[in-house]
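Listed next as structure tokens is one chain, alone, in the form predicted alone.
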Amino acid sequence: MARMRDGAVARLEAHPADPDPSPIGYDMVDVARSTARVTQPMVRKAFLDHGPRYADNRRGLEPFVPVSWSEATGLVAETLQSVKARFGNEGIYGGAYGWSSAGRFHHSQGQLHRFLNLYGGYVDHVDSYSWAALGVIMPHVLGDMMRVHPELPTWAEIAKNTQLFVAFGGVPLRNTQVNPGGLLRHSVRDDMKAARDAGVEFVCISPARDDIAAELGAQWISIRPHTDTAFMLALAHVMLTEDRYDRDFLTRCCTGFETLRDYVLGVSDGVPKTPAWAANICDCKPDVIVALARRMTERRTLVSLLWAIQRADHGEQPCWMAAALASLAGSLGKVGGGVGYGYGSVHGYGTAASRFKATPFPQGSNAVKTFFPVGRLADVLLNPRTPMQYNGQTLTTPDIRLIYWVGGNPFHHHQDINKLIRAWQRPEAVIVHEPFWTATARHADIVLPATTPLERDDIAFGDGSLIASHRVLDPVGQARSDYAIFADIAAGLGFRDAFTEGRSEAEWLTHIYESTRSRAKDSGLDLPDYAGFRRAGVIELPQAPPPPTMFGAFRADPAAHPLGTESGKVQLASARIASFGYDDCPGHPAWLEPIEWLGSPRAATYPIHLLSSQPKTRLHSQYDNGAVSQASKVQGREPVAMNPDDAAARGLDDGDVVRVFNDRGAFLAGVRVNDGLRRGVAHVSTGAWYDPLVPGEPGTLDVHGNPNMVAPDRGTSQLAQGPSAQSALVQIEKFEGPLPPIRAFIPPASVPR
């Protein structure tokens, strides 16, 4: 909420209904006015001089030239026409990732896709950096988990019915500050406390104790990163050998039990997956595994898997094995039991909300059917027209000649930044809409200044509330909304009327709201007119009744309520996946040794496993230049948490600046000693803006703390091709000498025409 004084914003305040507001939002006003803003259209000098066919691209190194809006939009139109004429729409990649705005109208992904669809289409990506492995494997195992996620037990249901909550990766509250579409109330902290007070016992299986709130009194089982699947297999071994599994459910509702059983017991490969076997891999005690397996079969158990677990080598396997565990334990399909993917990953998982859907901004349809997995972006740019395996298909990678990026920051999301920079030079043109001089903007050819959410009206819809987002700031410099920018470019390309449908931004907002209001009336909800909505500010929609028990109807009658799998049942093994012939994703859940982990030979050279998570002090990389994020820095660098023994072995004290490195790259960070992190593991949040010591030099040091400098850019497997960001081994040493300045928030060099 904005508090005004003399017609100007004095400060932002949390909504009175929010019990646990995020501090990130308080920075929005100051960040909008920061020196890091893009204040006018800018074009990379060599691109302006030579045009899109210039081959010697040095994006990220060359200065920019300020141009007028009319010249900028004309240049974008000419560039699009040039690429389309020579390569067709298959040469254009619409690269919006979509988290730049919570609004229904000013959602950058929707704006870009509508524009490009009307221009004939574009190459799209599939899946998500957040849950790619999960999103591909689970339809094979349980049907479409992404579609049924609203049926996850709510925290209120967990408090009432669950006895044991086993959280692989924990339930970190830092992630629950955000939710797609926005939210009115941050309730997860209180919801989890209520569950604890009701008697729910929590178990956190993670290398980091802080991955679950201390007040929950959870049992912390510390294991090596990437060994969750081995741990789960050993739990299954106890259930099988002690006859603690649900034969009735496995017989009626599952297929492939015998295949999984023979693998767990070692019949098929000669290696029984005993607690002692797993303890050696996980570096924990066997009796801890035995005790937990017994508790899971004696108590109503909910198995939870944090999205971060599957962003790693063979990330599909823990997802699959978690479903198998819930099946063996007999909790799948029982109220308060089963398996849940996403608790603690964003706010909405487990929170009660309205099932009502607001009207979106229409995007139209894409005439281009070419796609690629989003986590393979650099590979696609570097290796066009080559085969790539994906989910049983052989794709041919597109030949992308133009990247149009609106919303999101690939230099935050994507791993191995040095590789990405090499790949980023290949297209003929990179066009970016961006409010700030992020690394993505700095590595573009044409940069168009976009407004921030405080500089435009919109409608937000999240956690069951319609929220009127009011413009409270004038656009900084020459910034325009994405809609206004695209309308002008569409005019130059001859389809402005089709793009705008004759509506102004205000008329679109009215249209979207009144359409939503009409749909609400059909559902028995009486909403005020648009003017009344703007005056009210917030409309809380009635909460939906508790969802049906997840897989409850299926458990009761699997023939009448089949899953969308190859057999209609839970696939403990899959003939379909086996038929793909992938050696990195077999036909049943399996322990596949990670390419990069503390048990690999590589650990002799790089003995620290670096984990990277979403940050507590910003939204992805957004607001890194805000006061909350800056207050967390150590001598201006992103903090890296280290176990006390690891720090002492390197002569490091809290507050020292260190160089974190491997053969992919290096970055500087500030040490924070943390005894809640297991030995051999370090942690740094993602989102520090990439700040190279020598811009444009391959392999140069990042001085600010971006972990994607050292994270590998390889697919989780041939099945999902998801990102493996968590599979990073590094060495850490004290940085000697003068500290380089932080320049990430200073605009790049510009030269006059």
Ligand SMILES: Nc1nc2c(c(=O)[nH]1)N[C@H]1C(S)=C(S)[C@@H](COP(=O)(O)OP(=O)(O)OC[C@H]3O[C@@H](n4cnc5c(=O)[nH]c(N)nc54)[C@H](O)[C@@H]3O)O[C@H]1N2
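Since the structure is predicted, the reported quantities are computational estimates derived from the model, not experimental observations. Position 1 is the first residue in the sequence shown; the rest follow in order.
Beyond the structure shown, there is the form predicted in complex with the named molecule, which is absent from this document and is the topic of what follows.
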item	value
Position in contact with the named molecule when the complex is considered in the model of the complex, options 219, 500, 613, 274, heavy atoms within 4.5 Å	613
Contacting member of 703, 719, 42, 725, with respect to the named molecule in the model of the complex [4.5 Å, heavy atom]	725
4.5 angstroms heavy atom contact with the named molecule in the model of the complex for residue 235	no
Residue contact check: residue 130 to the named molecule in the model of the complex, 4.5 Å heavy atom	yes
The named molecule contact at residue 142 in the model of the complex, heavy atom, 4.5 Å	no
is_contact(residue 408, the named molecule) in the model of the complex, heavy atom dist at most 4.5 Å	yes
Segment assignment from 556-564, 631-639, 309-317, 528-536: heavy atom within 4.5 Å of the named molecule in the model of the complex	309-317
Candidate site 175, 206 and 345: all three near the named molecule in the model of the complex by heavy atom within 4.5 Å	yes
Residues of stretch 673-692 in contact with the named molecule in the model of the complex (4.5 Å, non-hydrogen atom)	683, 686
